[in-house]
Structures are given as C-alpha cells and as structure tokens.
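Coming up, as structure tokens: structure 1 and structure 2, two forms of one and the same protein chain.
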Structure 1
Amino acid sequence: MIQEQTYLLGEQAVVLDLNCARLDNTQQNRLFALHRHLQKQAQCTDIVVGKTSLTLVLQDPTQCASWQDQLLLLWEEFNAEDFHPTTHQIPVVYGQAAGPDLAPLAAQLGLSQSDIIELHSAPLYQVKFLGFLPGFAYLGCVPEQLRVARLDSPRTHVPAGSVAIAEDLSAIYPSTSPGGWRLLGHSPTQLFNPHSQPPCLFQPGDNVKFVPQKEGLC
C-alpha cells in the first residue's frame, strides 16, 4: 500500500513522496493530473515530477508548511481520469549512420534490424519524467524483447536527436552530450528551446509515437 508523505526540501520546496518503488498506471496518471493542475498555480516557480514523487518550488517560502498539507489533500482529490495527455508523432530515421547500434544489437538479440525497428516503433510511449539534460524525457516502456543494458563504455559524443534505448526505457537526446544508451536512429524534432513556453516539448505524462521514415531502414 502506498503511504504518501510530504516533506520540506531546502527553504522553498515541498516534496510529495509516494513512498514506493514503482507506480501503477492509475497512480502514475493521478500524479500527472496533479502536475497539470499545479502548473496553473501562480505561486509555483517550478514543479519537478520524479519517478514516484513531485517537488513543488514556491515563490514564497513562508507558504511551504501549508503546502505540505495542501499537496496531500490534492493528491486524494485527483483521479487517473482527470489526466488527458498530449500525443506527439516523432519521425525517426533508423539504422546506418543515424543508428550505429542497430546492427550490432540485432546480432546480439538474434533479430533482424527490421524486427527491432518494428518492435521499437510499435508502442505508444509515455513520458515518465524529465532529467539528465534539458528536454531529456524518459519514455516507457520498451518491449521486453529489446530490454538491454547500457553500453559498457559510454560514448563521449552522442549527437543531438539520437533515438536510444536502455533497459526498459527509450529517449531522444535533446542536445549533444556523452551517453551510454544504445543508438537506434535519429529524429530532427527539436525537444528543447529556452525561448519557448514551456521550453521542453515533452511534458510528464505526454504520449510519444515513433514513426519510421523512408530515408532510413524500415
């Protein structure tokens, strides 16, 4: 049973901790519904959805104590049906130079490259949370047949737009960075723009559908 709690984080933040290792779909969508509601509150400067938590950063630190109670009350009020996600269609060029790990992964798993593309592009992924880099969304869940560990030696340079998998998650690198996920393809979609509002294209709870492009393997 989930026994949620709240606590203060520093002088201006309050954490709602759902106190479990993993949320089921109902609990996950309740958390996303609460996040969307809090985004409309003027007294918040930032809201961070974690794997099983939500952190609220307030403009006025004197309100932290009262928000500890409010978050618990709001958590009880929201249902999974209150959440209505946005769905993004993301074009992907799979394989060859765009996805240098596709061929070796196919050999490792005893599948064809087309099998991997079909498996990877079949699900409707959900943005579980954001982190690592601005605009980097952790997308669940990768089909069980494709669940592999990160590379033993991470790359020092992963191009922006790389579409990748690691364990039960998929992601798109929003900017060039080091990284140890397996690279399957590339997308031209811009995921982060500091001049946009919000700056991140993906929001927690959004749906993502990968669409293979004819310029790559299909």
Structure 2
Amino acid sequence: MIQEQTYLLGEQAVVLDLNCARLDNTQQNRLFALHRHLQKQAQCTDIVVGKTSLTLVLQDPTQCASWQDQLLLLWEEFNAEDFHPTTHQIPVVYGQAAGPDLAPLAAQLGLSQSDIIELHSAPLYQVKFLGFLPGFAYLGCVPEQLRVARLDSPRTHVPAGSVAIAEDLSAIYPSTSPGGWRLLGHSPTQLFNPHSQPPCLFQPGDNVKFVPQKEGLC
C-alpha cells in the first residue's frame, strides 16, 4: 500500500497527499478535522482541501520543510470523531424547466423521473471540496444507479441555483456559468454572496440534504 506523503508545491505551499483513488468516510472526516484545526492557526495564507489532499499556502516560506514533517504527524493525530459538520437543508424544485435533463436522463437510465428524484434526494451528501466557481461545492456521493458522464457538449449558460449531477458527484451552481453537468432541478438558496458575512454557505465537510419541493415533480 502506498503511504500518505507530503511534498512542496513551489516555494510557498506544502501538500499532504493521501495517495489513493478515493477516501473512505473515516479518512475524509479526519482530513476535515485537520483542515478545521489548521484554519485556527495564523501561519497559513490559504488552506485548500482537494479530493484526496490538503494544501497549505504558508505566510513564511522558510517554514515549508518543517511543515512537511508536521503535517504527517498531525494527520496521525486527528480522528474522524473530532469533526462535527453542519447540516444544510436545501429545497429543490425538480424537473421540467427547473431541471431540463431530468426527463432525458430518466429515459436513458430506464427509470421514472420520480425514481431519480427519490434516488437523488435520499443521501446525506458531504461537501468534499469547493472549486470551479466561488461557492461551487462538490457533493458526494451520488447513488450508483445515477452515475452518468458529463454532457458531451457543455451548456454555455447554466442558471444560478441549478442542481446537477456528474459521475459520483452532485452540485448546485452558485452563479450563472457555462457547465457540463446534468441539470435535475433548481434551488432558491443563495450559496455565495461576496458582500455577506460569511460569504459562502457551505464549508468543506458540511452535510447537505436535498428536500424535494411540491412545485416540482416529486
């Protein structure tokens, strides 16, 4: 088995790479516990969670070498139970204009639209990491039966609030943008506002529960 490792990214950043295809729940929550711990320290400009990694951008680059050792020690110290996520209830209007890919996806997978809604809204998702756009959270994991590739040709205009899936992940577009994920529904919840405090509703590791609304198909 390949062990977790640390390495430098340029002269200012140190990466803890867990060196595996995916994390199990225990490893995932240990990583979030470590992230929360590091956020309380003043020595980092940025701490970014990736799918199977954590990157520290240090204020003082001369500390990089010592952080390479320290991160490996800290990783051993944290337990999954040290992490206490917030859970967000996210209302979703599924189907029709709010989710233009729901009907074609049902046809493709040989399921009814309400099967897909039930499958999609069943799990308690977790924010694995954020990226792509401010407030764009990669939510895992979509049930096996719903795992589909991205669209062959991305849309040039995905409306803000679109609830979408691609492979084993779900997401809500925080702002209007191009995008290749399959759109199942729409949520009125504001995810990101740079003028609010805090600006972003979701933090890495938070839980998300989709709640189907009567206005849509459900």
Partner chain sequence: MLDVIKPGVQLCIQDLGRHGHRHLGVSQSGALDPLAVKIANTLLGNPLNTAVLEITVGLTQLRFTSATNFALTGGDLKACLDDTPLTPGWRYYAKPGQLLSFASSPDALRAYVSVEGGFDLQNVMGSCATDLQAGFGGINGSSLATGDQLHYTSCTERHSVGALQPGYHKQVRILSGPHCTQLDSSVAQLLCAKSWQVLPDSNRMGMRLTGPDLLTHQLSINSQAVLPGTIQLPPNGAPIVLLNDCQTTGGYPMIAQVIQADLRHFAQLSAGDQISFTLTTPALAHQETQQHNYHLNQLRIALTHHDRSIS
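Here, rigid core means the biggest group of C-alpha atoms that superpose within 1.5 Å across both forms. Numbering runs along the sequence of structure 1, starting at 1. Being a predicted model, the structure only gives us computed values, none of them experimental.
Trainee: Working through the pair one at a time, identify the form predicted together with the partner chain and give its number.
Mentor: It is the second structure that is the form predicted together with the partner chain.
Trainee: Quick one: once the rigid core is lined up, does residue 15 have its C-alpha move by 2 Å or more between the two structures?
Mentor: Not so; residue 15 is displaced by less than 2 Å.
Trainee: Note yes or no: does the Cα of residue 208 move by 2 Å or more between the two structures after the core is superposed?
Mentor: Residue 208: C-alpha displaced by less than 2 Å between the two structures.
Trainee: After superposition on the rigid core, what is the displacement of the C-alpha atom of residue 195 between the two structures, in Å?
Mentor: Superposing on the rigid core gives a C-alpha shift of 3.0 Å for residue 195.
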